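The chain below stands alone and is given as structure tokens, in the form predicted alone.
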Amino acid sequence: MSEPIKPLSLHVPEPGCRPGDEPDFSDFEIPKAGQTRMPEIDAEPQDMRDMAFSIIRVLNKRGEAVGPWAQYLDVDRLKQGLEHMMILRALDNRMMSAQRQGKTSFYLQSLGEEAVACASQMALQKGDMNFPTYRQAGLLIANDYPLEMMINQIYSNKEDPLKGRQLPVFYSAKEYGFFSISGNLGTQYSQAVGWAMASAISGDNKIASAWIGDGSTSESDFHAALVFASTYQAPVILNVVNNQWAISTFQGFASGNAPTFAARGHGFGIPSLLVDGNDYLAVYAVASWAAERARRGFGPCLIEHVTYRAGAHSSSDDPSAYRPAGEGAIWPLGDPIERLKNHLIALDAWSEERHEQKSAQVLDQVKQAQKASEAIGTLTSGAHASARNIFEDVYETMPPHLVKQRQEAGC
């Protein structure tokens, strides 16, 4: 006689550790640096399915660049990359403090994830377009966007290029290949694919780079974008930044039972790669490979950047409520700035003393930009954009009801 069928129940994903537990990454498999192969640029997706399951790493524990992905970056470019990450970290630190002081309403930092955006930008060309989330400020910094302009936008002062009409850190800079950030995460993925399709239709050679976090991959926009990218072989790089945590929830809620987010590309016939997001050289190499593939007409590529959000989700978040203390300190892929610094030291092109000097120089650079911006105004002081801007830049000819509202508002 068969056993009675038990009542159905739902599976609720559980993180490995909760607040109060001892952080543990013992089940996190890390391949040796240099052991993951590099496919040919025109390889068929079905011939590279293994790339979605083995993390591409270049820097080993001794700071040496090894393996097929160890594409040569000259020392000057490596130093430049290190400086970009240091600037981003210093800016984040200063702006988090500014938020606590009431100079801005809100801030999101990229602590621990600096290599992902900074290295990826270095692989793109002028005219390519990023469709970012709010944690890719490194794209702007690596593209030499003025720090003062970034801080003006954060403070919503009179020189804010977005005229106070966006949340702090929701940048927009077309001339720097940085599409307007939307708080409705996921939408930028479909927009990036559409932009890439338009580039191909017009016969251009510019590509798009889409960005999404692990949590937002559960949005329908993510899957819709993959359908169009695959069907029309759009020249787009589809980046997934897996920093282990969405706000309040760990990545298991978005990944389900899939071993990696990269594996999701397989169902759409899209080549998918898994990369160590804290390894600047690995991120640069993979981004360069994907950019060349897209630019040569071989279609989209999905890249999962495995990294760790070392800070809070935002200035409004308390991560101690949902993850164990000290987890970031034992993250097995280390700190991206330390790893690139150690690589330069291994090349005899850097030293601890020079690093301290550069840190002081970078901090002074950020402080000067902050000082110049605060001389214009902050959220609670100084000059701000006119309220008139609420009504402008929408209609070529303003409709009568808005004209009336503007008059009633006295602006």
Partner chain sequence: MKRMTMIEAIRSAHDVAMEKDEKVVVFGEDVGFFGGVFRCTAGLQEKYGKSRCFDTPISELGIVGTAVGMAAYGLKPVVEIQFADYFYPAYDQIASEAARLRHRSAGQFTCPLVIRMPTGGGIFGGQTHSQSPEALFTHVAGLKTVIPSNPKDAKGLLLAAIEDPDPVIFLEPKRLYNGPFDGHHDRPVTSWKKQEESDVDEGYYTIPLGKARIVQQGSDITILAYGTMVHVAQAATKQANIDAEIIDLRTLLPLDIKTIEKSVKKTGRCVVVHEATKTSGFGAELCAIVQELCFYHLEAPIARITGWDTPYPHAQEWDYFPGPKRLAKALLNTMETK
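Numbering follows the first chain given and starts at 1. Here the structure is a predicted model, which is why all the values come from computation and not from measurement.
Although not depicted, the form predicted in complex with its partner chain is the subject of the following passage.
A.B. asks: Based on heavy atom distances of 4.5 Å or less, which listed stretch (272-280, 326-334, 79-87, 154-162) is in contact with its partner chain in the predicted complex?
C.D. replies: Selected stretch: 154-162.
A.B. asks: Since the partner isn't included here, can you check whether its partner chain sits close to all of Q244, Y284 and W350 in the predicted complex (heavy atom within 4.5 Å for each)?
C.D. replies: Looking in the predicted complex, the three residues Q244, Y284 and W350 all stay beyond 4.5 Å of its partner chain (heavy atoms).
A.B. asks: Taking 4.5 Å between heavy atoms as the contact cutoff, choose which of W289, F178, Y107, Y308 touches its partner chain in the predicted complex.
C.D. replies: If I apply the 4.5 Å criterion carefully, the residue I get is F178.
A.B. asks: Considering non-hydrogen atoms and a 4.5 Å limit, which listed residue (S315, N93, S218, N143) is close to its partner chain in the predicted complex?
C.D. replies: It is S218 that has a heavy atom within 4.5 Å of the partner.
A.B. asks: Is it the case that S386, even though its partner is missing from this view, gets within 4.5 Å of its partner chain in the predicted complex, heavy atoms only?
C.D. replies: Answer yes; at least one heavy atom of S386 falls within 4.5 Å of its partner chain in the predicted complex.
A.B. asks: Heavy atom to heavy atom, is L379 within 4.5 Å of its partner chain in the predicted complex?
C.D. replies: Contact with its partner chain, yes.
A.B. asks: Is Q101 close to its partner chain in the predicted complex, meaning a heavy atom pair under 4.5 Å apart or at it?
C.D. replies: Heavy-atom contact with its partner chain at 4.5 Å: absent for Q101.
A.B. asks: If we define contact as a non-hydrogen atom of the residue within 4.5 angstroms of the partner, is D393 a contact of its partner chain in the predicted complex?
C.D. replies: Residue-level check for D393: yes, a contact with its partner chain.
A.B. asks: Though the partner is not shown here, which residues of 271-290 have a heavy atom within 4.5 Å of its partner chain in the predicted complex?
C.D. replies: Sequence-ordered list is empty.
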